[in-house]
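Given next, in structure tokens, is a single chain: the form predicted alone.
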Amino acid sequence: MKYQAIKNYVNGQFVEASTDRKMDVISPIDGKHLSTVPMSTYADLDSAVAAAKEAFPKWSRTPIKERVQIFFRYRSLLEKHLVELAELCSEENGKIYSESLAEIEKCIELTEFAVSLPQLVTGEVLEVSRGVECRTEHAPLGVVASIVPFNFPSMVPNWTMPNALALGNCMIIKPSERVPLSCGRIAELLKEAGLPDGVFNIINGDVEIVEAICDHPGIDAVSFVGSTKVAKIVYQRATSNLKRCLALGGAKNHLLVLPDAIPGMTAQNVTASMSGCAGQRCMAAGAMVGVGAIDHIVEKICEEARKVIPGVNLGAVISKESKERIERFIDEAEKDGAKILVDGRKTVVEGKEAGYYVGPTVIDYVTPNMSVAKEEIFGPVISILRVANVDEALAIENANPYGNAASVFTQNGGAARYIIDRASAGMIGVNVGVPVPREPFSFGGWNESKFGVGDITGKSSIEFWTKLKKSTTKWNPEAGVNWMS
């Protein structure tokens, strides 16, 4: 075991969980045993909530200009430890180093947005009658929780943590039990940056802790990122307990490729979208819908896909079960009559034979009823569907129950605008394979890719992590009383 056994982080200290139930943390790269993580109990969560509640009054009354000074220092520490954090992310998640480096750089950008919050939450004031002022202020909610997935061990915690804390809340985070190491390092950096004890806490575990977070009366809001199936359960359970909830689910993102698309640029973007992070991201290309004569572009995509080499510029998938699941999708598509143009099944990386790798896979002549066309594969696989016109392509995109992202590849501005206006997705790209908005623009999909109001990052997150306080004041008795005062 390379690292010490994982502990929870409560009230500024790493503490043992009250359980003997543990799970091994295995590196997907080579199958090596990294650590063990506890499957914590409701009692463990309760102690974290108590610490957060105790810290909340002082933290919430600290002026926001002072709170964000901690995140200035935290940002500097992310830069200082950039390489270490990226290596840790790769080790526990399986990403290639350049992808992990980009993940930590995104954490820095997210923190930069958080330190700008004093300029965005100034509130409003208006003299509504002589001597009578109305004022609005953003007040923190209290103790909030964030349940995060395995695919971005650092970035997704930093989607929520800097904004929620800078706005005056105290937080409990539940990392994925598959990748708990990065969150622990984040806690250490926050403490070094000067974050008071109890403001940020980590409780490790599995479904038992997810359910406990949804049920605990001391938690005021819950954010979740994961599969749609679980996102629905978390949203329903948390809101039934009268909590705010924003739950991001899965996706089946469609890339619409028109015949006039630039072949080289399109092929590079489609391939990067489907294979980046081994396809384990909700913004990955799930299906390509080719409109008309696109054989020349498909050929270029296959050329680009063959340049993606497992263990070199393609990382591992998270587990043996994931590898087997992805390969079953490919098997089924082939059985149903699709054509496998580039086959990533049965991939083994020399020297890392115990790792979990699936090579880039391009499947052509997929029909809308096939499982590879409908379900989120979460692997480096692109399914190509062929249609005669743009409206048929949009019909396929809009029939998909998800609504995270969609992209169009074309040089025709009118066609691009037509698709932007009609695609049922929250994030749209034009000649961009992964249309993730940059700060201060917010991240969030539509339909069954998101449950709840607002988005998880950017300006939209302010409304989720705060409540609006309205005050009316009058200091001039000589003005008398009228209907406005």
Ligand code: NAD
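So that there is no doubt, residue numbering starts at 1 and follows the sequence shown. Owing to the predicted nature of the structure, the values given are computational and were not obtained by experimental measurement.
One more form of this protein exists, namely the form predicted together with this ligand; it is left out here, but the text below deals with it.
Exercise. Taking this ligand in the predicted bound form as the reference, which of 317, 165, 248, 256 has a non-hydrogen atom within 4.5 Å?
Worked result: By the 4.5 Å criterion, the partner-contacting residue is 248.
Exercise. Considering this ligand in the predicted bound form, which of 392, 303, 206, 109 comes within 4.5 Å of it through any heavy atom?
Worked result: Selected option: 206.
Exercise. Which one of these stretches, 77-85, 372-380, 99-107, 288-296, sits within 4.5 Å of this ligand in the predicted bound form when only heavy atoms are counted?
Worked result: Answer to the contact question: 372-380.
Exercise. Is residue 178 close enough to touch this ligand in the predicted bound form, meaning at least one heavy atom pair within 4.5 Å?
Worked result: The answer is yes: residue 178 has a heavy atom within 4.5 Å of this ligand.
Problem set entry | this ligand contact in the predicted bound form: residue 224, any heavy atom under 4.5 Å | Flag for residue 224 set to yes.
Problem set entry | Residue contact check: residue 184 to this ligand in the predicted bound form, 4.5 Å heavy atom | No.
For this session: Answer with yes or no whether residue 140 is in contact with this ligand in the predicted bound form, where contact means some heavy atom within 4.5 Å.
Result: No, residue 140 is distant from the partner.
Exercise. Within 435-471, which residues come within 4.5 Å of this ligand in the predicted bound form, counting heavy atoms only?
Worked result: 443, 449 sit within 4.5 Å of the partner.
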